[in-house]
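As a starting point, one isolated chain is supplied in structure tokens, in the form predicted alone.
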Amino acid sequence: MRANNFMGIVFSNVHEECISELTSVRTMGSVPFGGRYRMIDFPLSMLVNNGISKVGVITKRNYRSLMDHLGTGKSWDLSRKRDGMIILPPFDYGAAGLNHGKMESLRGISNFIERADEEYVVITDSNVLCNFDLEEMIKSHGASGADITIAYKRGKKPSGLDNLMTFTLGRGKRITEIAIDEKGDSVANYSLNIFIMRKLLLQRLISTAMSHNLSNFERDVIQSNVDSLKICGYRVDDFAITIDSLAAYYRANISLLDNDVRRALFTRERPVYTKIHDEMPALYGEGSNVSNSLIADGCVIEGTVENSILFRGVHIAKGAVVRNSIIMQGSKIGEKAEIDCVITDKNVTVKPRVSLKGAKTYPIYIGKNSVV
């Protein structure tokens, strides 16, 4: 199965309700992560690293920052005269309004899918942080003779997602039973929402579902066909975190302070690409103290930073103390301010001597452009 026979479809807009604090001004795909990345960088890089050169990015709303980040796709080698990256904005069906779910989104891009020459399609969301070898999943799909292959993780299932699928698998990794929105936080085989199937099969499934006025992709396309189609699972044992809440987003960022996690997510064999910014190096003032933190370019550190992640252009003033926090681009922490377990969005100003303390299970979030 050749990579040039695959196209990618990336949902930049699903599961936004899980971290509504961050997605009220941006789409899920453009949520900042790890000091310099956006969430969409990970599925895009995974596709590109496998040689897939046609990728459609589905949007819905608040996608200005996403388009600013993606540009022409050059950073991912997707700026091409033929194929490359295609932004797929929402389609208005009149009385139905703008697309609301995966089914309406896929219906809205039916012309894009139909015109594609590729035989197979990889569909993925933007809320899963992983960087496994997609080629191995493709090989597994071909070897099993599956109609659909779904990547899954074995572990404690995310509790904050709508339409989360959990699987029972039988012989030959075939999925024999699918549960959706199963209650509890028990250990299970849960979907990472990465699918491989033939393009013609996807078109048929979409057409059948829409003709019966069915609108739920997981229930009406995947679960309802578990007996009639051969649906197989591909277990991902590599690092993978599903973002299903603000606390999960916080944990995912802070986990990058672990060397083993960084090595698992960022590998030489499968680099994660992002938009390049030309910034000056970080500056450390006299008396500054930084430990176990990720500091992006353009930061000015005059105070203390511990166990934190600082995005580009952050300024930590003299006497300020930042612990266990995520400080996004352009934010300023005033003199002798103290913050612990805090997430600041972009361009936040924390005034001198202000003290803010959250918890690792319930971090404090400060909205974009706020002054505290």
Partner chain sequence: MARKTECVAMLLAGGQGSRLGILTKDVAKPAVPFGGKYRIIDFPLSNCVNSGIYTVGVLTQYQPLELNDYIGNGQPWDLDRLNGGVHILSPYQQIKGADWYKGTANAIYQNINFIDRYDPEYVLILSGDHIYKMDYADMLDYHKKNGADCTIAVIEVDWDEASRFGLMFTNPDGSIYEFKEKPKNPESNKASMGVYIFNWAALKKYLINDEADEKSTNDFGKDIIPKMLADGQRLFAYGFNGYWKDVGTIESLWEANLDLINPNADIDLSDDSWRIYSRTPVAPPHYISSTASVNNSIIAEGCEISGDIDFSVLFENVTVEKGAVVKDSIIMPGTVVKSGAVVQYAIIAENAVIGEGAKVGERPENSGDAQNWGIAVVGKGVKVGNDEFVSAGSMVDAD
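All values derive from a computational prediction rather than experimental measurement. Positions refer to the first chain, counted from 1.
Omitted here: the form predicted together with its partner chain. The next part is about that form.
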Practice task
Consider the chain as shown here, without its partner, and state which of 236, 247, 257, 179 has a heavy atom within 4.5 Å of its partner chain in the predicted bound form.
Solution key: 257
Problem - Heavy atom within 4.5 Å of its partner chain in the predicted bound form - residue from 107, 262, 230, 199 - result: 262
Practice task
May I ask you to check whether residue 283 falls inside a 4.5 Å heavy atom distance of its partner chain in the predicted bound form?
Solution key: yes
Exercise for the section: Determine whether any heavy atom of residue 83 comes within 4.5 Å of a heavy atom of its partner chain in the predicted bound form, and answer yes or no. Expected result: no
Practice task
Flag residue 269 as yes or no: does it have a non-hydrogen atom within 4.5 angstroms of any non-hydrogen atom of its partner chain in the predicted bound form?
Solution key: no
Problem - its partner chain contact in the predicted bound form: residue 32, any heavy atom under 4.5 Å - result: no
Handout entry: Partner-proximal stretch of 314-322, 35-43, 330-338, 55-63 relative to its partner chain in the predicted bound form, 4.5 angstroms, heavy atom
Key = 35-43
Exercise for the section: Note that its partner chain is not shown here; using its position in the predicted bound form, name the residues of 285-305 with a heavy atom within 4.5 Å of it, in sequence order. Expected result: 285, 286, 287, 288, 290, 291, 292, 293, 294, 295, 296, 297
